[in-house]
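Shown here is one chain on its own, the form predicted alone, set out as structure tokens.
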């Protein structure tokens, strides 16, 4: 079984894939590309929490077969965002790493359910949550298996979608001893800035990144504007490895 320590043996931890699964073919092509470029974990949302009910809600359960095929054919680990307690068991054979999104950071019944599961879990910070609240949510699931994810917070600065809070990342990592990865895609909201923010996070000491990427970003139904191409992902990988090795 994969543990958090296993995941972090070869840093930086790189998690890549589209925000939301669109089709089997697109997922497979993307998975092969990011594997070739050095990603260790594949991400693709199946159930999407959306602000508007008429927005695309994800492909749902049928995407589990697609992700299982990716695991078998590429050898990549898989992480799936969990929206409710029932999905923890539903993804048992597919998701090596559980993932709690920012909207569910304080869904305490969900956190308790995940706390009963041995798998490592990524916990995204709520976009108006304090460090104390973030760490409190992590404690529900077990600090020994949680990887925190700084994905940007809402501030008075509105130049991009959110503000990447590297201060919080450093405090969580150094004061509390919990590994932290950064999500440059959600904090940027625009693909031309994703690489810069990813490199900033790695340079500041992040343990890894989670990036939205696809072989064809324009077909994505969720977060199209912040999804980078797999070609740009390859360029980014070269940059972050150079930074991490210095």
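Numbering follows the first chain given and starts at 1. For clarity, every value in this text was computed on a predicted model and none was experimentally measured.
In what follows, reference is made to the form predicted in complex with phosphoenolpyruvate (PEP), a form of this protein that is not presented.
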Assert contact_stretch over 172-180, 133-141, 99-107, 68-76 against phosphoenolpyruvate (PEP) in the model of the complex, heavy atom within 4.5 Å, equals 99-107
Although phosphoenolpyruvate (PEP) is absent from this view, report whether residue 145 comes within 4.5 Å of it in the model of the complex, heavy atoms only.
no
Though only this chain appears here, would residue 151 touch phosphoenolpyruvate (PEP) in the model of the complex if you measure heavy atom gaps against 4.5 Å?
yes
Touches phosphoenolpyruvate (PEP) in the model of the complex: residue 19 (any heavy atom, 4.5 Å)
yes
For the heavy atom contacts within 4.5 Å of phosphoenolpyruvate (PEP) in the model of the complex, list the residues of 23-44 involved, in sequence order.
43
